[in-house]
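First structure 1, then structure 2: two forms of the same chain, each alone, as structure tokens.
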Structure 1
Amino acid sequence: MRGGLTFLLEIGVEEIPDWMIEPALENLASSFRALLEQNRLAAEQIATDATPRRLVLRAASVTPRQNDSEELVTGPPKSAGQGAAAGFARKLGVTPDQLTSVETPKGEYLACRRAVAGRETSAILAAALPEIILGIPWPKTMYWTHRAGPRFIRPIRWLVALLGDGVIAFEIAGVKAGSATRGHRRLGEAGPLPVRYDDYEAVLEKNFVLVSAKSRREKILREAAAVLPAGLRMKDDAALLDSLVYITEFPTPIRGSFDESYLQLPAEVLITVMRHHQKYFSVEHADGTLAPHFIAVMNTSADPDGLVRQGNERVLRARFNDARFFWDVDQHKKLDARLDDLAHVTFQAQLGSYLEKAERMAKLVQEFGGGEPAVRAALLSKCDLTCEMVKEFTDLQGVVGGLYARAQGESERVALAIYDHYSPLSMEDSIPRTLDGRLVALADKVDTLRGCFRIGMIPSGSRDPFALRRAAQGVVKILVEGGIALGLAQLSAGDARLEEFLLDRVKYYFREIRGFAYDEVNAALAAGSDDLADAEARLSALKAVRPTENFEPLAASFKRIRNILKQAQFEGGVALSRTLLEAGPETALHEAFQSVTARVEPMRSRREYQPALEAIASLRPAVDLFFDKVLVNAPDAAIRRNRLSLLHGILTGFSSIADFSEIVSSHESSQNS
């Protein structure tokens, strides 16, 4: 598209919580695109940006006005007579001879085609933008004028809305849209700053606002590296970096230091204090060990007298002293001595205390085949919930338990299993490092799932107070990536709803996380889901063999076989009679089937699924010839049953790797689309 107008929208607000910004931008952009589509308008280069004090949407080549159009207005039935026709014409401002008629399901009706002038885009935007802005979904909203006034995440303080060189006229809560923005709260000019589409970012940068999140991110990384001595580096922390990008408008990193004596505390404790409580980056040596420094990010341009640095160091010193005090106090009571204390910590009102949960977890670990270290780790896994360190730094639960177990003489196997048992916390997180840890993590998540499903706390829509979807996803990830052969039926303990819930998470994992096609997932899981690591191996083989020339045609034949058996209500149980096989294509198919089976069985037992699938695909010519030359539904009942038995044997014989009838061919996909 060439020509058109530029569009700039800026919503100026009080500071928005950083984690809410990106979802708000996605909604703003999608709502704007929907508005254009609904009004037959177009635009290019639609982009969003944000700082904590502004949400920004920009677009280029916006259609200046709608094209004129024509609409067909339907009136009364033609049989209604001349009076009705005259009234209809008068209503539309035309003469009766300008009317026409159209055929409808109800008969012939009078109609009139009339021209509709296109609306100016500025008028369309002026009417729609208040609703789009106030329609951004937030976890919480507030009003700032009166109870019946507009609600938003924070009070709206200014609005910029420009289409070309003109201001789009609208207002929200008494704030009129204009052409002036505002700079940095402390460093920018005091008054409003007039802007145009072309100089918007430059004007704000002169006033210490970097509109682009990408620019703020690069500034943090570049300047953080510059303030560190040689041999030191800032510890990677993508989530913290994202947070700092969206809580600053002009980020400036500074380096602070702390006394080396604090390094006697575990690195996990120090990093957590810096990261979660102060939003500081940790600093490490080249070998990954922690250095006595940190990187803080200011929302200002400089700290010439070091006052900000000194303040950050003072606050961090107090936090570290707290952590050291908690560590020392907690060592006075070992983890196993805290078991009875768990009886007074409620897991869930209907599911009992954490002591009861820990005991259930220990039994589950035994059920899953875990040895004594895993059982002991399960029993001790929740004891750190009674420790002062976890009460103060809740993010360290599990980790602190593992650290205390090691410090108090528990075996390394027990310590590692406790340390890791909350993992994985997300699809990007790693599973526990050891088999003991994986079994304890499974027991923890499965106990929560079983209990919540038993008392009816099943996720519904967006409601999931116990994060059961995350727990189920963690179960799936551990089973697949940890190579643990536990079936969904066993994990569900007979609860069909829970088994279906887990199966849904399995499908999500293979489709969305691992990137397999939905029909491949259905085909592999239809052949068995008791061993998800094995299912993954079968899926990988299926994906690799699918592009070969014989695969999809053979899958279509398997679908045909399944339909034939279903229509005949044939479920097997009839022994194949070789004497009833007709010479030619039927006998050839049977012999090919036997030959392929003899090759496939050893491969399947060795889990060599790709060559096994390639061997199965080689059946295609024999299957095609059979269907081309042989009538399955033969008049003779005995021959008909024998042919159904042959097809049933082929279908079931190879379905332990994948149910080929679930595969959707490229031809079927194009027809469905």
Structure 2
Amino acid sequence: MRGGLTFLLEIGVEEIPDWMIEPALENLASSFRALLEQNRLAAEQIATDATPRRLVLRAASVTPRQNDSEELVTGPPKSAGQGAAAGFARKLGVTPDQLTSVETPKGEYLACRRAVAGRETSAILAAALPEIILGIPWPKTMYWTHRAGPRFIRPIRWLVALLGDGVIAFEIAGVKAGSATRGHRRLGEAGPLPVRYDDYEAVLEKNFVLVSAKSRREKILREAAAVLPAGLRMKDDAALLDSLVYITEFPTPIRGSFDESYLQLPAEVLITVMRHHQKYFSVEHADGTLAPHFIAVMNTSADPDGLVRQGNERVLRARFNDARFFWDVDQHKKLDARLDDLAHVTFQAQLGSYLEKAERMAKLVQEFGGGEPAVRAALLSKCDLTCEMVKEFTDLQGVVGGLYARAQGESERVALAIYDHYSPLSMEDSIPRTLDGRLVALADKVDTLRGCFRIGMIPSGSRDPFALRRAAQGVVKILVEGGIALGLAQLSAGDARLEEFLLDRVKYYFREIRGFAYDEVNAALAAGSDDLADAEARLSALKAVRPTENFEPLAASFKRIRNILKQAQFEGGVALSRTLLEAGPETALHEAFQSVTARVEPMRSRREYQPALEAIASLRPAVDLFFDKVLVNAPDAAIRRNRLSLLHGILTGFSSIADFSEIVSSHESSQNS
């Protein structure tokens, strides 16, 4: 609607943790849209933005006032008589002759139409905004006025709420909404700054606040490139960039440097120190090797005297010195000499020490067919937990073990397997680079899963303190992407709940991560889940064949066959008799079955699943004709059994790539939804 009002809402808060801001904005926008809809109000250009100290929602062309409307109030049944009618009219403030009646399933009822005056949008917002603001869900909230006071992520210190030029009157925790914002803590003008919708961003920018996250991101990237000498670049780190965008109101990157001698420390250690502890970007040469520089992002406009750079360099130097000290101290005792120490590090109270875990892992790796290097890597994989470096930089567990193994003369295979064995840490993370590493990683995760399930520490709902879902997801990813043919039953060692849990993660992986349809996943897994890489190949073939014209109708027929067999309680075991086959569609189906089988078998053994499925789909006309012309439930028992046997043969013979009866046709699913 043209000519509506502008709306500006700014919630001024003490510094909000960076990672919580975007989800909060999404919630704020969706609550605001819902409010408009409930109140039949329109708005355009609804947009959110934020810095650590403010959540902002803006909209244009907001309806200034609800349209008047009419509502129908239903009263007592008409049969209730004059008295009831008079009472109803009195309650509504009308005379009885103004009442009408409505027909309902329960009979005729008295009713009254009355006009409802539209409310002013400012009144609607004033009433609803406190609830919308305090309704933003945060991972952890606090109270700050008193125990029974409102809860929010951090104290709310000011509120700007303007509809057009008018302040929307509401209050939260003693803070009244107004028309004044605040600038940057140190660079902005002291005190409140009056703003309007039109000059909001400009006023803030003048006071060293870039409201737009996009502008802050661009400023960081642009200026970081500018402070680097030619030939060097900032190492990409999207997560760190996101974090810095929401830790700053006016980000300015500066370049710092460190002594080249620190480059003797492994890049992994240097990067971890810079990234996790100092939130610095690493700087690299064109070939990806580290350069002795870093990019720090300040929340201020400049570093005229170089004080900020010097301060950051000094902090980093101390951190690097610590790391160098840890590296040197740790070399005094080799990894394999630390096995005894592992006996004193508890893995879990009921599951014993890390030494016991490492020994179990080594056994598992053997069981999984791992060679000598993989077994040794498994045994040494946890030794770095006793090293100073890992105690200080816990994120580097595994990585440090791998680096130490290499430095201490273990073979490269052993070193790589230890280095990678915590991977994948997430669905985006890659799996270990080598087969040795994959087997050690599997053994680690499987041991944790088996142990925790055995002692009843099974994830439920959001409670998953040992991150077992992540472990199981890692197992699945390694099996599929690493092409390791280990069955879920073997991995679960007879624990049905664990097998179920793993199967759940397999389905999740194929559906949510790989984007296969749920029924395709069910169909492929029903045909076997002992080799997940093979299941993936069958799944891909299934997905490719599915849109072809014969496939879904054939799948529907397979489902029909399954139901017929189930109703007849027929479980096979009856040899097919050619002589009992009726000439025509039944014989034709049998011949088609045999010829397709002859084509499919070699393809299946060569794992050429797509042509195999296409061949199976070619059965469709024969199957359709059979069901069209032949009565399965023949009066003669022997003929009936023979027909069931033919159908049973087709169903089982062609279900080893995918169980087609699991496929839900597009027709069915649209009916169900």
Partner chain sequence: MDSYQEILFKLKKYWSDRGSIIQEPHDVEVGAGTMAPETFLRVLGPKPYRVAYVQPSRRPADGRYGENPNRLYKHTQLQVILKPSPDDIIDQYLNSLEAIGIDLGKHDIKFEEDNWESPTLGAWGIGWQVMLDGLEITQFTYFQQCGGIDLDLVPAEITYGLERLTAFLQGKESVYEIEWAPGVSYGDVRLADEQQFSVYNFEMASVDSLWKLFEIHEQEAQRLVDLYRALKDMAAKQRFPVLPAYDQVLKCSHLFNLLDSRGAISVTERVGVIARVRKLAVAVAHAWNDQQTPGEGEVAA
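Residue positions are counted from 1 along structure 1's sequence. Take the two forms, superpose them, and find the largest set of C-alpha atoms that agree within 1.5 Å; that set is the rigid core. It should be emphasised that the depicted structure is a prediction, and the values quoted were computed from it without experimental measurement.
Between the two chain copies, the one drawn from the form predicted alone is structure 1. With the core held fixed, residue 26 shows a CA shift of 2 Å or greater between the two structures.
When the rigid core is held fixed, the Cα atom of residue 35 travels 2 angstroms or more between the two structures.
Once you line up the core between the two structures, the Cα of residue 583 stays within less than 2 Å of where it was. Shown is the Cα shift of residue 177 between the two structures after rigid core superposition, which amounts to 2.3 Å. Overlaying the rigid core between the two structures leaves the Cα of residue 62 displaced by 4.8 angstrom.
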